[in-house]
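Next up is one chain by itself, shown in structure tokens, the form predicted on its own.
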Amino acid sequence: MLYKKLIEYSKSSVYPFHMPGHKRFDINGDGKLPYKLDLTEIYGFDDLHNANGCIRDIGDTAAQIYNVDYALLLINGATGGILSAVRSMTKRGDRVLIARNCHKSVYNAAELMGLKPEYILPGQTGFGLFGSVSPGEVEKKLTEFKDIKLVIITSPTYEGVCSDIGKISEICHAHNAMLFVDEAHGAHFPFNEAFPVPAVHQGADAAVISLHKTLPSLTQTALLLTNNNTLAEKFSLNTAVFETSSPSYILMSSIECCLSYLKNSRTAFDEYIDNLTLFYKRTKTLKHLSLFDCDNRDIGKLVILTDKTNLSGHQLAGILRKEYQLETEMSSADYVIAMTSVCDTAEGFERLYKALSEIDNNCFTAERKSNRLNVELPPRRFFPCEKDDYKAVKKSFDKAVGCVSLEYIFAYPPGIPLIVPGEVLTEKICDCINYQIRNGVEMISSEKNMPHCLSVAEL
């Protein structure tokens, strides 16, 4: 077991004439940072990119727990897994189908690989957030573009909405396309029947999951899952490209400890579901605020809607932070996401309910004019991988309507682009972006020019 090996080695008298430079010395002297456990690829501790010992055992354990044939350890988050998977599942110049609500790392992967992306809009929920991807719309795109090699969707979404992966995978395979699912927010799915069925179990060719998002593992830890031997070999090659050659043994041991916890914590998940069930029941009594819900959804994501109140989501998050010392995951113009996990306590849920109840009593119903989502894809002048072929000029954002962007524009979190390089900034998209800004949401562009100006193409 890697963690035990690290503990035992930290107590040894071996002097380190090797990296890292802190030489296991606690430079702060307070014991808060685990210097003594921070090792490199020394004798007996295996190598992430050529695992044959204790690190390989962690991967084998992960595959067993997640009931897949192959599980690759990731120590720079789902982002590294997405970059590795897209490179493994495509050839340069391939056409791919991307759900428009995918994370920016998917767009980065497509740009790096010189791919030709087509997009599909998920359904609309009516609450200012995307719904599921329609299997019928996927089939339409695959019929229209017969050369699509890979379909990439996010399920669950940042707000917990899942798509019908079973049907989508059948459609993809019937059209000779592979399906990759960004399942970063669904690492907890296998551990209670109240959660949706994991993507690979429904026929997806591969999926990435972030252990650190919803399970007790350190930030940056994730897994890349597949049942395909050929893909597993390619994933191994490409994770070595996109991940550091000096992986953190602390992060890898965190994965190991998380997996050990999962083996022995079924009752903890039962208690977690009980806490969630009670919370949803109690919040039904709120008069103004409400919780989003729909079929095939992760109930662990608490999406608190403010669209019928005098508060924006950003204002609600501020009140929870300043007056109740409750820090939420993210806020948008019309909702707040409070992420939960198996490690949340009944007391934590009670604090959140009491806070929402008091805030609910002090706000009032108010219909706000809303301009939340792009309901249609913007015109495209060129693919993102071609953006360097165009001369860039700076344009004030309030005068950018009709221009072709050379930047991605998104709110972070969640990091989902509203505009992609090569696309026309329509009046509707600019209104959508301005709506978010007016409601306190920080809009970012990839070259850090927003909100004042933007790099656009001189055509």
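Everything numeric in this text was worked out from a predicted model, so none of it was measured. One rule holds for the numbers: they count along the sequence shown, beginning at 1.
Same protein, other form: the form predicted together with a small molecule, not shown, and the subject of what follows.
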Proximity to the small molecule in the predicted complex, single hit among Arg87, Arg297, His185, Arg100 (heavy atom within 4.5 Å) = His185
The small molecule in the predicted complex has a heavy atom of only one listed residue within 4.5 Å, and of Phe127, Tyr158, Phe279, Phe195 that residue is Tyr158
Verify the contact flag for Ile165: yes if a non-hydrogen atom of it lies within 4.5 Å of a non-hydrogen atom of the small molecule in the predicted complex, no if not.
-> no
So in the predicted complex, does His212 come within 4.5 Å of the small molecule, heavy atom to heavy atom?
-> yes
Can you check whether Gly77 is within 4.5 Å of the small molecule in the predicted complex, heavy atom basis?
-> yes
Is Val336 close to the small molecule in the predicted complex, meaning a heavy atom pair under 4.5 Å apart or at it?
-> no
Give a yes or no on whether every one of Leu115, Tyr390 and Ser405 sits within 4.5 angstroms of the small molecule in the predicted complex by heavy atom.
-> no
Among 79-87, 353-361, 249-257, 305-313, the stretch whose residues bring a heavy atom within 4.5 Å of the small molecule in the predicted complex is 79-87
